[in-house]
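One chain follows as structure tokens, the form predicted on its own.
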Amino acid sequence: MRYFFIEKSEHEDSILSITGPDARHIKTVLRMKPGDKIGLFDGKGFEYEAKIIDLSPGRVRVSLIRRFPSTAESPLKIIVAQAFLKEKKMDGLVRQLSELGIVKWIPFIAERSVPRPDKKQLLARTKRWEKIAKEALKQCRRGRIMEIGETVSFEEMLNLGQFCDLKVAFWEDELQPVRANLLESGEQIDTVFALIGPEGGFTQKEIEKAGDRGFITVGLGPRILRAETATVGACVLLQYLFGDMSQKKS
């Protein structure tokens, strides 16, 4: 079944319209007909089964058959705090982390972050990241759009993970790998706050501050990874160990 994005999760009526590029794709590329069924997702955790009523240039009217929770969201809620990287790297990470099921992405300014955009630049970039996250949602058929957090300072960022079950800081000087028993108490891990540094890595002072706030430092193996590679690798490992990227968890 073909799936398409809709803006809202609550509908007063069971009839709604799909417009824009998706409508043209349904009519002219897929050549779908009245009576054909399609899938819809709203970016807020729900999917829909719908039936096409009629098609016209630029608009497809559908009737909702049923609504149900998305099956593509990970049971693990991962929040990634990403130190500012060069602009194009940040754009690429938004798309990749959306595909990996990250629920929230928080940019922050680290000591070694080279880009230091002003408020106007940050506003423009945030809007672009939100657009990229929405586009990624369509591609990977997630049920929920990854939330783009406000850009904050390092100190402000450390406070944002206080209610997560596990807080990890990925650091190139740490030999301890990511492992399933990071919490010795054996408590179930439902939320993870992952802290990842800039191109030059974290300073010793930043790691000490993170440790004082309850972060566990972990490494990603013996090789030095590019910052954007480290972010993707860290998220894959977290989803494998605690989320839905392993047979045990899925």
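What you see is a predicted model; the values in this text were computed from it and never measured. We number the residues from 1 along the sequence you see.
In what follows, reference is made to the form predicted in complex with a small molecule, a form of this protein that is not presented.
Decide whether Glu172 counts as a contact residue for the small molecule in the predicted bound form under a heavy atom distance cut-off of 4.5 Å.
Contact check for Glu172: yes, within 4.5 Å of the small molecule in the predicted bound form.
Determine whether any heavy atom of Gly221 comes within 4.5 Å of a heavy atom of the small molecule in the predicted bound form, and answer yes or no.
Gly221: contacts the small molecule in the predicted bound form.
Heavy atom to heavy atom, is Leu225 within 4.5 Å of the small molecule in the predicted bound form?
Leu225: contacts the small molecule in the predicted bound form.
Quick one: does Gly200 come within 4.5 Å of the small molecule in the predicted bound form, counting heavy atoms only?
Yes.
Contact segment among 60 to 68, 27 to 35, 42 to 50, 212 to 220, judged by heavy atoms lying within 4.5 Å of the small molecule in the predicted bound form:
So the stretch in question is 212 to 220.
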